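Coming up is one lone chain in structure tokens, specifically the form predicted alone.
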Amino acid sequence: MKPAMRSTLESLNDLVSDISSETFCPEVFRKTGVFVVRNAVPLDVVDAWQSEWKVFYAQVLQKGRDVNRANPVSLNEQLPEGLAHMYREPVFANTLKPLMGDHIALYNHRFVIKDALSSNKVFLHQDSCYHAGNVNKCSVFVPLSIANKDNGSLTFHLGSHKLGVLGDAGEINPASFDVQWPTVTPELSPGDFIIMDSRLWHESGPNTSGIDRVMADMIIQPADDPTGQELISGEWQTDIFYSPKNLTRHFVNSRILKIVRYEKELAQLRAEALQVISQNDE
């Protein structure tokens, strides 16, 4: 390993204890790609969110949910009003202003949960390769339950965001790189939240405790990005917009469209093969 890289890793290891505080530190975040802000959301706000989640769970999710086969932890059901607009709570934009300036917008808001229907691990990946628009985006993870290793809390590979977007999407093989980044799995309580650079490698283990891990995932970006969905702070810094939803409609041909076409062709070939086998058996 080159001396400069060894020095970088040593510096990152020294910062492990500094990524968690009641006061956000932009300098630590820029070096590590992640920061845990403790006891940041007012208790009355957390209580209201938790109460709304309990009602939502009892009325909707307890009966079962529409599990996303491609990403089982991502909640598909329509959120009630308060949970659907958690990102409007001023603490999030105010915390991010040292990174993004006064003008801040929403890219996406959803819930990611580890329950009985999505208890397995989530593979090592980065989010930027799944996004449209500019790369200066952050995920803000806001737990409404405890989150720890036993129920599938997030693990972050500190400093890996410095490699940028890797050029493809999917499970990352960390052994293919010369450097092995230090990892942390913060324990979270309601009232805490995590800020993560969207380029940072992260994963989560299985939920082995049976205690649901309930977490909002709001992706926030500067207000000059044309994919902004809602202004959170300041003023729009662009007059050009497009929706990041259903991005394949913008392409005549693409990697994703090719995969979809190949899967359809493969399914057709399988169906024809089964029909031939069935006819031969007769």
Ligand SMILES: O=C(O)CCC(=O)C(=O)O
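Residue numbers here begin at 1 and follow the sequence given. These numbers were taken from a predicted model, which means no experiment stands behind them.
A second form of this protein, the form predicted in complex with the ligand, is not displayed here; the remarks below concern that form.
- Every residue in the set Asn71, Val122 and Arg213 has a non-hydrogen atom no more than 4.5 Å from the ligand in the predicted complex.
- At a distance threshold of 4.5 angstroms between non-hydrogen atoms, Ser160 is out of contact with the ligand in the predicted complex.
- By the criterion of a heavy atom within 4.5 Å, Asp115 is excluded from the residues contacting the ligand in the predicted complex.
- Interface membership of Leu154, defined by any non-hydrogen atom within 4.5 Å of the ligand in the predicted complex, is confirmed.
- Remark: Asp127 counts among the residues lining the ligand in the predicted complex, judged by a heavy atom distance of 4.5 Å or less.
- In summary, the region of this chain contacting the ligand in the predicted complex, judged by heavy atoms within 4.5 Å and restricted to 142-150, 162-170, 104-112, 82-90, corresponds to 104-112.
- In the predicted complex, the residues of 194-225 lying within 4.5 Å of the ligand by at least one heavy atom are, in order, His202, Ser204, Arg213.
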